[in-house]
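There is one chain below, alone, in structure tokens, taken in the form predicted on its own.
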């Protein structure tokens, strides 16, 4: 299955990149190097591996080098130095040193790219746009039309196959671009800010569709964005770039809870963490059962544990109440204590508490209670991006 490995990748724009490389390795910054030499540092010393079926996000502001790095991966931009290896179909492709024939094969069969500006052919119908990569592969017309129609349906454009791009909305055009990227059968998609030009509502819809497609079609995706909320929603892992270098790499929760630099902290300060923070991250995890093996959750709510720490009975104002899984709610009943797993996003707990607002939510792993989430925990998680040090 496909994966991509980057090791110490640099891209210098200019006639004498070796001078800039030497100065970089001596510790000089991007702006100083440009002022002294006229060479522009696009990407410097980037190393990471994108795993099979991972949606990996590169995020940063304009000029951070994110799109340059993306284009180095398929050599639309020539890396100055470093190693980029594509592992696919049992073969290790050395992208940086690949000859033109091998590079053409990689682009035709292993990688597809979805652009920010859609890049559709205005004189071609939707079907012909989607089938373009298959045409390059010399797939016969009947088969490429069949495949194109299938993918048009997948991206929600059934009935628009004979339309032209100028007859479609921006969101519909981006769906065509996505279908074209999928049509070749390439298991790696490179996506360069594909939703940034869309209206906010359409953008959210396209993000949801991409996640659905990831689940259905199993692709490895390298996705570029300047939008942190988009990165947090889509990314299995995120790398944040500044001035051509990688300043932090982690999963969305790690980025939110533990920003490594002031630059990253500024990004996450106003981000919505509710879909990212897990129940265990914000929970109170230090508790002691009393002589009756009960744990006090609030002044009124308690939960009784058995000898192995498993919750067996809830209480509210000393009255026994049921313990119910948050995932199994089917009817309105406030007289329950909810339980959930350690990876439940706090947004799901918040929605449940709109109905079941009386008691905290207990966190259970392998049947054993490991903590609980109160209203205070939720507020602290939203405002402070983590667990309160009680």
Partner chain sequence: MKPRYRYTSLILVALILTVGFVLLCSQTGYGETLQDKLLGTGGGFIPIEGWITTAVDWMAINFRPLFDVVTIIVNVVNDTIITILRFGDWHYSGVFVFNIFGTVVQIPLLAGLVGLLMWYLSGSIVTGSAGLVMLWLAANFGYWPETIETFSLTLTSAFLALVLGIPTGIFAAINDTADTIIRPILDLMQTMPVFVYLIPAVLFFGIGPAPGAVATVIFAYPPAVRLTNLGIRGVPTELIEAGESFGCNNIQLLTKVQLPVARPNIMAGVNQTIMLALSMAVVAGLVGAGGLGGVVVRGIQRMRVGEGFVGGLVVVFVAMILDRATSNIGQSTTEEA
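Quantities reported herein were computed from a predicted structural model and do not represent experimental measurements. Residue numbers count along the first chain shown, from 1.
The same protein also exists as the form predicted together with the partner chain; that form is not shown, yet it is the one meant from here on.
- Of the listed positions (277, 84, 224, 120), a single one reaches within 4.5 angstroms of the partner chain by any non-hydrogen atom in the predicted complex, namely 120.
- Among the residues 211, 76, 265, 312, the one placing a heavy atom within 4.5 Å of the partner chain in the predicted complex is 76.
- Stretch 125 to 133 is the contacting one of 288 to 296, 313 to 321, 269 to 277, 125 to 133, since its residues have non-hydrogen atoms within 4.5 Å of the partner chain in the predicted complex.
- The closest heavy atom approach of residue 155 to the partner chain in the predicted complex falls outside 4.5 Å.
- None of the heavy atoms of residue 258 is located within 4.5 Å of the partner chain in the predicted complex.
- Of the heavy atoms in residue 166, some are within 4.5 Å of the partner chain in the predicted complex.
- Proximity of residue 207 to the partner chain in the predicted complex falls outside the 4.5 Å heavy atom cutoff.
- Heavy atoms of no residue among 46, 80 and 215 are located within 4.5 Å of the partner chain in the predicted complex.
- Taking the partner chain as positioned in the predicted complex, the residues of 177 to 198 that bring a heavy atom within 4.5 Å of it are, in sequence order, 180, 181, 184.
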